[in-house]
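Below you will find one chain, with nothing else, as structure tokens; this is the form predicted alone, and questions on how it binds or moves follow later.
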Amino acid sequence: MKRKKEFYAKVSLYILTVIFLVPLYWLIVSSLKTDAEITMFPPTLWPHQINLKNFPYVWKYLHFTRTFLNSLIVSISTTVLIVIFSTMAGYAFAKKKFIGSKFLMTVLIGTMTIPATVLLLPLFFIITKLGMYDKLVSLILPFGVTVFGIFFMKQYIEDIPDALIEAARIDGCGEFKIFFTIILPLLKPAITSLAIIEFVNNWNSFTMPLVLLKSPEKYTLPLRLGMLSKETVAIPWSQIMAANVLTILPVVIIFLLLQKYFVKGIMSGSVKG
């Protein structure tokens, strides 16, 4: 009976894996086709003739090097800020007792229910007043901390025994030493998970760059991809697919390199409840 359950579980997982990999396979295969073959019916599972011209064309047409660099600067800078501030705030909410901490945490979590589009207009005015409009910094500083990040780190830090912190205090460690030498090393899986989640969020961000950037040389990758379909009469599907393949490559590579810590961090947070 137990073997049957394991067998069915494995079959289910294999089926789910195939389902999730189909869109990725279709994206890669379509990037190697011509526009005429992509629109054929019935669709072909593999290109009749592999067309690699889409990649150099997209690279040049979208000024890919500059756009890629813009996305990289925004995503890495924002992720670093989010990890730093979320870890410190999460530690304060989890291990420090101060007046109104529970109420403040409840209010912060409540703000997660507010749609981001509601904040677009006030955010636009504030950023314009601060002189950050049409600058990459406008996509970094205002988004350098997230409620999700604070809540995520708080949940993880609460699992660290108080006795460990008290023992460090008895040994003469100050608050900064406790945080940097005891707490941070224990948070490696959670920090990795949060970094991957926030990096992907910022890498794929479209609305904020669309509102806060005007100069084409400062566009990020999602914005360039959006413009690709608007700048031509016929939608160049094969080139859009090729551009998407180039866009997701860094995210896939980062995930494959850090997946061990990512799974560990997510699982640790999920079993806490």
Partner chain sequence: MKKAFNLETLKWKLRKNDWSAYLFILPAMIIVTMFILYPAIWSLVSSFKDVKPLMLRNSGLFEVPGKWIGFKNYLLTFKDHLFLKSVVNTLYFSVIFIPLTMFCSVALAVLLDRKIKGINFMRTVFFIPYVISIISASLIFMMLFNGDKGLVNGVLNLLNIKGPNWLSDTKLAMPIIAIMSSWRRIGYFMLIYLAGLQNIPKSLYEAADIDGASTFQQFRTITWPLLRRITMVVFILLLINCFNVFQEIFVMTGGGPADSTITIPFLIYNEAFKYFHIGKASAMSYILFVVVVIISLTQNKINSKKLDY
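Positions refer to the first chain, counted from 1. As the structure is a prediction and not an experimental result, all values here were calculated from the model.
The same protein also exists as the form predicted together with the partner chain; that form is not shown, yet it is the one meant from here on.
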| query | finding |
| --- | --- |
| Heavy atom contact within 4.5 Å of the partner chain in the model of the complex, the stretch among 70-78, 136-144, 184-192, 156-164 | 136-144 |
| In the model of the complex, T39 touching the partner chain (heavy atom, 4.5 Å) | yes |
| The partner chain contact at N51 in the model of the complex, heavy atom, 4.5 Å | no |
| The partner chain contact in the model of the complex: Y61, any heavy atom under 4.5 Å | no |
| Any non-hydrogen atom of P56 within 4.5 angstroms of the partner chain in the model of the complex | no |
